[in-house]
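Take a look at this single chain in structure tokens; it is the form predicted on its own.
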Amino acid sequence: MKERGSDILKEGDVIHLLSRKGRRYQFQLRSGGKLHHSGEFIPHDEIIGKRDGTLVALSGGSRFIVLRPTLAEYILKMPRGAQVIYAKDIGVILTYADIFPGARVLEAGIGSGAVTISLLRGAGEKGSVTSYEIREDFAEKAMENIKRYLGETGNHRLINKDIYDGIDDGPFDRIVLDLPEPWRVVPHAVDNIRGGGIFLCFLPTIIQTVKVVESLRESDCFTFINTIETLIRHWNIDGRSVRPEHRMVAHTGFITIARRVEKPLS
């Protein structure tokens, strides 16, 4: 994976140009390249070697701050093949699925790669992430996004297979699903997640969520089944003007979590 501890900007880094109004423009540093924006430009070589957070001026005098994007910022701007799960839900997924350094994680489907990037960072180089995806166009775009942000990842494996047909190479510590019918995976999860392991799925509707919860209960192998959703509201603080933003990011999906046990308590 890319080394992200240094504050020196290097070739290959994904960078955001941040305007005075807070607008972000994303590009990747390439030696000899040139960034064009609204009729102005700046050579990439004038940015490579500078520090993260540097103030730069384009050819026409417009000034921007150069910053490496956080993962949340990268997700908002990265190319998409499928709809992404946003940072407000990914943070909850990582915490409630307890993605730890060294974890062996199975996910399906890969979407545009946002969750995959987060799982890889959480599991670390001693862990591993296996991604099941049946759509080659989604997989190709996701792998591009993963490489662009993380670089080469030797602990990630992509399998072009329908997880509804079964799971290979278990048991896993964690199973994380972003699929329309995760209840069809529950019987496979029973045999491919270790004792105490965590099953988690993300679904847009409560009807789907009810069905997966019922399937988990009927399996008689999962307990502490819990469903949550994440709502986030920004606040404006400017002198004496302190108020919530008029708009908020409300419902995006339901997250259901369950623990694999020998047998639930009756």
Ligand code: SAH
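The first residue of the shown sequence is 1; numbering continues from there. Not measured: the values here are computed from a predicted model.
The discussion below concerns the form predicted together with the named molecule, not included here.
Peer 1: On the criterion of a non-hydrogen atom at 4.5 angstroms or closer, are 85, 114 and 133 all touching the named molecule in the predicted complex?
Peer 2: Yes, all three are in contact.
Peer 1: Does the named molecule get within 4.5 angstroms of any non-hydrogen atom of residue 163 in the predicted complex?
Peer 2: Yes, residue 163 sits close enough to the named molecule in the predicted complex that at least one of its heavy atoms falls within 4.5 Å.
Peer 1: Applying a 4.5 Å heavy atom distance criterion, does residue 102 contact the named molecule in the predicted complex?
Peer 2: Although the named molecule is absent here, residue 102 would stay clear of it in the predicted complex, with no heavy atoms inside 4.5 Å.
Peer 1: Any of the heavy atoms of residue 180 lying within 4.5 Å of the named molecule in the predicted complex?
Peer 2: Although the named molecule is absent here, residue 180 would touch it in the predicted complex, with heavy atoms inside 4.5 Å.
Peer 1: Taking the named molecule as it sits in the predicted complex, is residue 74 near enough to touch it, meaning that at least one heavy atom pair lies within 4.5 angstroms?
Peer 2: No - in the predicted complex, heavy atoms of residue 74 and the named molecule never come within 4.5 Å of each other.
Peer 1: Select from the listed residues 146, 110, 120, 175 the one whose heavy atoms reach within 4.5 Å of the named molecule in the predicted complex.
Peer 2: So the residue touching the named molecule in the predicted complex, by this definition, is 110.
Peer 1: Picking from 150-158, 135-143, 187-195, 122-130, which part of the chain touches the named molecule in the predicted complex when contact means heavy atoms within 4.5 Å?
Peer 2: Looking at the partner contacts, the answer comes out as 135-143.
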